[in-house]
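To begin, one chain is listed below as structure tokens, in the form predicted on its own.
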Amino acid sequence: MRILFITHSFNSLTQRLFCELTEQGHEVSIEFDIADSVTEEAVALFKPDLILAPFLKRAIPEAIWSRHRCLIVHPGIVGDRGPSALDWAIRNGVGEWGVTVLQAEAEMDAGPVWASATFPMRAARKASIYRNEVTEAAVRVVNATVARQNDPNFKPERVPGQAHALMTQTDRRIDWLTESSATVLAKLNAADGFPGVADELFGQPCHLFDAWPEATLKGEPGQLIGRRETAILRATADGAVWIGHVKPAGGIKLPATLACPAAGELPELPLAGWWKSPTATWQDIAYEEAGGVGFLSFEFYNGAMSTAQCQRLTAAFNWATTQPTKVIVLRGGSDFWSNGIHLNTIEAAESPADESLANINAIDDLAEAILRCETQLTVAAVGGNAGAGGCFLARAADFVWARDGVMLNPHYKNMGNLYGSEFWTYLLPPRVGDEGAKAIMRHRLPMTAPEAVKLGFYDACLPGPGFAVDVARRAAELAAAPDIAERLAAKRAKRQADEAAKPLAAYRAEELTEMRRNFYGFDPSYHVARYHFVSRSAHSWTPRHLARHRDLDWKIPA
């Protein structure tokens, strides 16, 4: 089938559905929802058999849905209607939620239902539930829907429903003096990603994001108790909640202490060390051991790694190499393994070019520390999505095990034609060949974990359910293997041979020469792309690698 996606953006859910349907042999093209006339033009060019809307923020025009079958992926259960479906479900603490595919009609979310699936809800941020439970359920219902397109015996069912209003900032407002930590967390979780919760810090209006629970520290309700690295702790009626990110009025989303310079006056509330805290608290880097394996987690918001975060993670990794283990597993975070350098902190810097160079050097330091580790085998357990430099940072490990279902974007060019670093010129060609490396670096589309393994880029794709348990078992087996000493010796010998052939410093210098041109050269593409990315500028056109129907040589297959 020819399937046209009409979507607000090429987000993680849209990417996953694009890969799923493309792998099944369907021809999928994408048009961003910019204007009705643009969408109508895309439909006329592509002449789709089916129009699918995986992520929309407004209704499909009647001129399209009245003439073509248009199906909406709605992040709600059957009968749920309204634009804040997932927000209300999290806010109200429902035990089960779901995804429904329904046909577009005049009334929003009221058309006949083609497929639906449910899942148990967990206490988590909206963005996390969307990237995991919603995405997996969406894959199931979209596959079922596509299979039913040519089934003459299937008739979509019209179901009575209940419409929920758009959740406003009045609905989201937090009363720090009277509301419990659980209520505050639910409100912040329901707004995470977008739009955040409108509030005030240090006398300045802002929006709050990235909430973490705190199990032991308390203060007077509403009081700003202290800070830890980049987060701020604020007291509730019965405890306290950490705020990890803040968007000042008229500004961009930043780590809380960077967004609020006055936070520097708050007392520092340090943890005892890298070891994972036994109680709930804000801890973006944590370490634990089991079965001769050290597990290093780094829960960086949206997978972005600032200069300071890279430096702290490098210090944590170097410390982990001194521990009595044989294997180190780099876990990353629950939703993202890494997306490379931190574009928001770069944008906020006095000199974005200088901060870009500092950030890429800091992440290169981390990659080099992993590459030069001689005392342990290293594993990158990619259980969350990864992009750009994060994909190659993972490849610095001896083994990369990716969870089936994660989306990988191992390319830099979408961010203003960045050249990229993280030693990709050393790591990639030996695994996929010179032509394969060029293809991956030119490729601007997402990659699935099975595809990465098929290409030789990554080493294993593990099932989604039980991924963490499977990783722990495999890592323990590596650590206990009778040939572990020989493996480590072979690893040291290979690194020495590679260094003699061409030092890591040479690869790094060549990559950074190209990156300096991106940061300081006459072509401003990187700086323009970064600005639009962090400021969430509305799309003015659909990139040609997505809108295949706009290729000059595209023709409708016979």
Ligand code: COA
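Values in this document were obtained by computation on a predicted structure and should not be read as measured data. Numbering starts at 1 and runs along the sequence shown.
One more form of this protein, predicted in complex with the named molecule, exists but is not displayed; see below.
For the chain shown alone, Asn302 is a contact residue for the named molecule in the predicted complex, at least one non-hydrogen atom being within 4.5 angstroms. Phe533 belongs to the set of residues with a heavy atom inside 4.5 Å of the named molecule in the predicted complex. At least one heavy atom of Ile341 is located within 4.5 Å of the named molecule in the predicted complex. The named molecule in the predicted complex comes within 4.5 Å of no heavy atom belonging to Val241. Only one of Leu357, Ala397, Val471, Met415 lies close to the named molecule in the predicted complex, with a heavy atom inside 4.5 Å, and it is Met415. Of the residues Pro75, Gly294, Gly389, Gly384, just one reaches the named molecule in the predicted complex with a heavy atom at 4.5 Å or closer; this is Gly389. Only one segment in the set 92 to 100, 262 to 270, 174 to 182, 417 to 425 has residues whose heavy atoms sit within 4.5 Å of the named molecule in the predicted complex; it is 417 to 425. Contacts with the named molecule in the predicted complex, taken as any heavy atom within 4.5 Å, map within 241 to 264 to Lys253 alone.
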